[in-house]
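One chain comes next, on its own, written out as structure tokens in the form predicted on its own.
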């Protein structure tokens, strides 16, 4: 599928996806701790703000002041956007019913009121942790994703990888529900002299995409994906 794309704002990654995410689709950033999932999500939000778009950041982990602090530490001037183009919502993931109902019932109206073109849910894996039974988790997460899919915006979710399998989300669900899946992981050479970060676009519906594994680096104010380099 060609045409307009929604850029994440990380040049090499956008290039790997044929220009960015498909408008109106759901993307997922999957990775273990320290791989930069929230950094990627914030870059997605910042790219929208710079482009004159209204955005919504739904946090299940960090308070609003900490999210704003992270953005400021990157050297981004967010002052013109606070309380205007940038809307941050903090939800309590421990009360799943309340949090889910808040998103299902309030997100459509919030999107309409703000005119948001981009929405981040960080991290959606905290929702998954609530359920004891796989069948219940699968059913409720499917309902959740289908509910947010109806919004007229592009959505990016973050999710933890399984502790025993760095190539899969914790419950192996999000990669089936999302349209685009970006996997972040550590790569350790056999001599253990250094640790590298690498990413791949595992899946992208309605679009061709690079299937190569590329190294990336998280710097103070940006993420660099080295599309011309190989991991080793």
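Quick caveat: nothing in here was measured; it's all calculated off a predicted structure. Numbering follows the first chain given and starts at 1.
The same protein has a further form, the form predicted together with a small molecule, not shown here; the description that follows concerns it.
Out of the listed residues 54, 207, 59, 35, 35 is the one that sits within 4.5 Å of the small molecule in the predicted complex by at least one heavy atom. Contact annotation: the small molecule lies within 4.5 Å of heavy atoms from the stretch 26-34 in the predicted complex, the single such stretch among 174-182, 45-53, 26-34, 199-207. In the predicted complex, the small molecule stays beyond 4.5 Å of every heavy atom belonging to residue 213. Using a 4.5 angstroms threshold between heavy atoms, residue 224 stays clear of the small molecule in the predicted complex.
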